[in-house]
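The chain below stands alone and is given in structure tokens; this is the form predicted on its own.
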Amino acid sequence: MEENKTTKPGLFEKGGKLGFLHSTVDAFETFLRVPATVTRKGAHIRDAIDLKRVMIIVVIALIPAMLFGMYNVGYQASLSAGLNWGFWEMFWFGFLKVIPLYIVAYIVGLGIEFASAQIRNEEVNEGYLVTGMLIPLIVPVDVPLWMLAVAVAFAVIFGKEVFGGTGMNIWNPALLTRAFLFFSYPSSMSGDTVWVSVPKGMDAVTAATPLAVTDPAGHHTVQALTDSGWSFWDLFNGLIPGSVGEMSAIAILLGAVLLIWTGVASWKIMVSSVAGGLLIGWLGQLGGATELPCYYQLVMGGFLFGAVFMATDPVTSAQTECGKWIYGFFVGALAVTVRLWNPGYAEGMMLAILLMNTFAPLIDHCVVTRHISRRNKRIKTA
């Protein structure tokens, strides 16, 4: 009679000599290919879309904003320092400035993700692929790398891992990183000296963003922007000082088209955010809070970037279809409200999205409760 033979687990398999590294090894093995594991029992859905593919699509959608941001960093440096650089010189300068931000964001963030997965004995999720891509695009190019590392660690640990990891977080981790930097190190995140990086050996230059440019009465006006050398087209194409990837509406809209076409992001949130911003911008113009036409609000600061890539985060945004309209509208409305009626804070998109992240579950609860109530009434009257 033959003896039962048991298969010895592999080196990195659970039960193997280095089985404690299973999560880390599995993450690298499945990064570029689909794992061979399949469900063995129970009902399930066969679909070509998984978390990895969704995350990769968002990363691809962010590439135009990233590449333009690298070019704009060099362009602003050349312009402010009086240099006569060509296209590739400007792009290379920006590339060398932005890449360290990505290296820090990914090393710190992924390091914590891998450690958390090992501790919990779970698979490493791909959610941080997008978060790590977003973080360098929403900060000033010269933010000190140690500050960025501290902020990333805080956001990943306290904004994500303590809630259970990918899919369980309440707030967008990338925006939480920016909020930590803004409130902990305000001098490195605001003012006129943080937006333009110049070559070593040259003095720092001051360069206000369009949101900081006002007339003597403290109002945003077309004339004040014109006096600073900016037209609406300049604001639209993004050749202005600001965060690395938030400037170019053209690059952002290219990403939006891909996200909507693939169904990865909600067009309802994007449209309603724009509608809310336009409405409050128009009311602010009527009430004398600003002299800018309401559509200027869309191309100033990080409004459009936030509406396309941040507010649409499927984990922290509203899940119901009606809730998406409500959630997006208040994101846009609150962002412009902060801009127009809070003189101490020029931008409002970060605060608006984080606040609505907090209320998204309540919005969904109210929508579902209302739907159930209406259905019960129909049943009683039938």
Partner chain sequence: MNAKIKETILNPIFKGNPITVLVLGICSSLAVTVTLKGALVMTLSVIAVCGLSSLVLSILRNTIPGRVRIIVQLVVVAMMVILVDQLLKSFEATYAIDRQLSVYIGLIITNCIVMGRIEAFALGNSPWPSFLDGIANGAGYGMILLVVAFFRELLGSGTLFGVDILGRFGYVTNNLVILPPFALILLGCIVWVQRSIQKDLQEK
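Since we're looking at a predicted model, the values are computed, not measured. Residue numbers count along the first chain shown, from 1.
Unshown form predicted together with the partner chain; subsequent notes refer to it.
Interface membership of Ser184, defined by any non-hydrogen atom within 4.5 Å of the partner chain in the predicted complex, is confirmed.
Contact check for Trp146: a heavy atom falls within 4.5 Å of the partner chain in the predicted complex. By the criterion of a heavy atom within 4.5 Å, Met168 is excluded from the residues contacting the partner chain in the predicted complex. Although the partner is absent here, Tyr295 lies well away from the partner chain in the predicted complex, with no heavy atom inside 4.5 Å. Per the 4.5 Å heavy atom criterion, the partner chain in the predicted complex is contacted by stretch 176-184, the sole one of 176-184, 106-114, 244-252, 89-97. Here the marked residues Phe154, Phe158 and Val162 all reach the partner chain in the predicted complex, each with a heavy atom within 4.5 angstroms.
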